[in-house]
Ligand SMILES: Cc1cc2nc3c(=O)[nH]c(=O)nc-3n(C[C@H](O)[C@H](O)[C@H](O)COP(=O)(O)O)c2cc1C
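As structure tokens, one chain now follows by itself in the form predicted alone.
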């Protein structure tokens, strides 16, 4: 019996798959970034991620325009509070990145701690939404990188960005136009190293 094509297969499936495998993190960004309806369309991809229990845990805070300078102040104060002797080079690295990048998205998760849906599944939903965004930015011709680290897990930063009790800041998506021509995606590991077929005993 001939194998039937899946009913949901699209004619451009190969192009979509090629885009997914070509995506890479790009940290050196500049204006312009996505705006208006183009940005709204990209943001809608986030809420198509799997969401067990329909808890809608996604929380995104857009930081752009003049708000970036206030965000820089928040980050600088948080870094100095954690380490009063923080190296000026580390502060300058943050300044340069924030000044240069037109759009920063703080990614958060609204966790329902006592819910029957395990916390890890709620966080996975937010991670899946963030990955949809990264793929959508790439497919739309923009560069992006997901950064975490101490600033993402600092309660002072989370509070300054308006995350409430039960909401957890998980990282930042930096989005814009690549400063330099985008080189091909790095050589990926052989997927078969991570795949095995289960056979019952």
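Positions refer to the first chain, counted from 1. Since we're looking at a predicted model, the values are computed, not measured.
Heads up, the form predicted in complex with the named molecule isn't pictured, but that's what we're talking about next.
Colleague: Going by heavy atoms within 4.5 Å, which of 36 to 44, 161 to 169, 56 to 64, 147 to 155 lines up against the named molecule in the predicted complex?
Modeller: Partner-contacting stretch among the options: 147 to 155.
Colleague: With a cut-off of 4.5 Å between heavy atoms, is residue 193 one of the residues that contacts the named molecule in the predicted complex?
Modeller: Residue 193: no contact with the named molecule in the predicted complex.
Colleague: According to a 4.5 angstroms non-hydrogen atom cut-off, is residue 25 in contact with the named molecule in the predicted complex?
Modeller: Looking in the predicted complex, residue contacts with the named molecule include residue 25, since a heavy atom lies within 4.5 Å.
Colleague: So which residues in 183 to 201, when you check the named molecule in the predicted complex, have a heavy atom no farther than 4.5 Å from it?
Modeller: Read in sequence order, the residues that approach the named molecule (within 4.5 Å, in the predicted complex) are 186, 188.
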